[in-house]
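Next up: a single chain in structure tokens, the form predicted on its own.
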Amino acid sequence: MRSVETIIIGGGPAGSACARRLVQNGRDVLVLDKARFPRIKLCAGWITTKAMADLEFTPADYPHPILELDIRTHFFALPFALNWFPTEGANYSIRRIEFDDWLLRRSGAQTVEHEAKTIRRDGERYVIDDQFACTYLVGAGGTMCPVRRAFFAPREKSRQIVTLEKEFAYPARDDTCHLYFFRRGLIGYAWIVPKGNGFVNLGLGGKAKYFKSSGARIQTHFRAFLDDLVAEKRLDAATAADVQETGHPYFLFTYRGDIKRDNCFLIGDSAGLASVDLGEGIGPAVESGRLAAGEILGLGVYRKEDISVFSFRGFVRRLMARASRRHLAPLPSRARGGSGRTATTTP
């Protein structure tokens, strides 16, 4: 059995940020991940100046294409977009297949391709599949993290977000990022994010509770969104018809629920830390990874109160609260893939 001081299960941005800080301080770290990097990871790939500062790199340091975003925001059915996005500093897009692999390699931690299945406490140690043992265990395995399943209570279903998205090469795209809030009654938002080398990521997300209580189907919203992109000439009809979207769930930030127990920590999506306004996960993941490493190093205490709750300040939060109290226009019947029903109830 291999024994190390800290094992991190999951090699995404949270795990890499945690591993890098520990390695920089001379600690013995092993990262386990069931995937072989580089691996496909669907994500809008939005990173902020703050996230880059936390990760200690600039666009000039990054060895892959990175695109500074010109963002347009669309609210409800307004016939115009706002050239406004209230964050501090510039915003960028990356491809996770490149970004995550680079971060993990840069961390300096040894990585083993291994899917953790059985995790147990053995005195002062944590034992994984009777093959690995550690004093400190960090769960960074995303929404379905095995560390959470082994030692922590289930998350609040009311905080669950579901998404559908697709990333593909589309050289005809322009370099403008578009965010759509509450379009066609969706309690959530949709996006089309350009990336380097002609790639684009498009998708939408909303609360699972909204879809369950209303009878609206996320597939209906997604196909209607593709129709809108075609009508706006942001996507051609043939490409829209060929899009095969993929879904995944994650959880929004809440102060309730544990993120550590004894020498076991949850970080990133395994802890459910996505920002409550935009569901942005990379920034909170990086913050949580660094904070957990800080506690292992004896340099601080890992607390939810020190992790960013919002991607940007209160405007969208207030707008979402108001939208949940309004009657929003339903999807027209032309939307493909479902009945076209949407919610008129709160999420």
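Since the model is a prediction, treat every value here as computed from it, not as a measurement. Numbers for residues come from their place in the sequence shown, where the first is 1.
One more form of this protein, predicted together with a small molecule, exists but is not displayed; see below.
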query: Stretch from 114 to 122, 167 to 175, 207 to 215, 224 to 232 whose residues place a heavy atom within 4.5 Å of the small molecule in the predicted complex; finding: 114 to 122
query: The small molecule contact at D33 in the predicted complex, heavy atom, 4.5 Å; finding: yes
query: Close approach of A14 to the small molecule in the predicted complex, 4.5 Å, heavy atom; finding: yes
query: In the predicted complex, F37 touching the small molecule (heavy atom, 4.5 Å); finding: yes
query: Contact flag, N91 vs the small molecule in the predicted complex, heavy atom cut 4.5 Å; finding: no
query: Output flag, C43, T163 and G279 jointly within 4.5 Å of the small molecule in the predicted complex, heavy atom basis; finding: yes
query: Answer option from R96, K260, R183, R155, heavy atom within 4.5 Å of the small molecule in the predicted complex; finding: R96
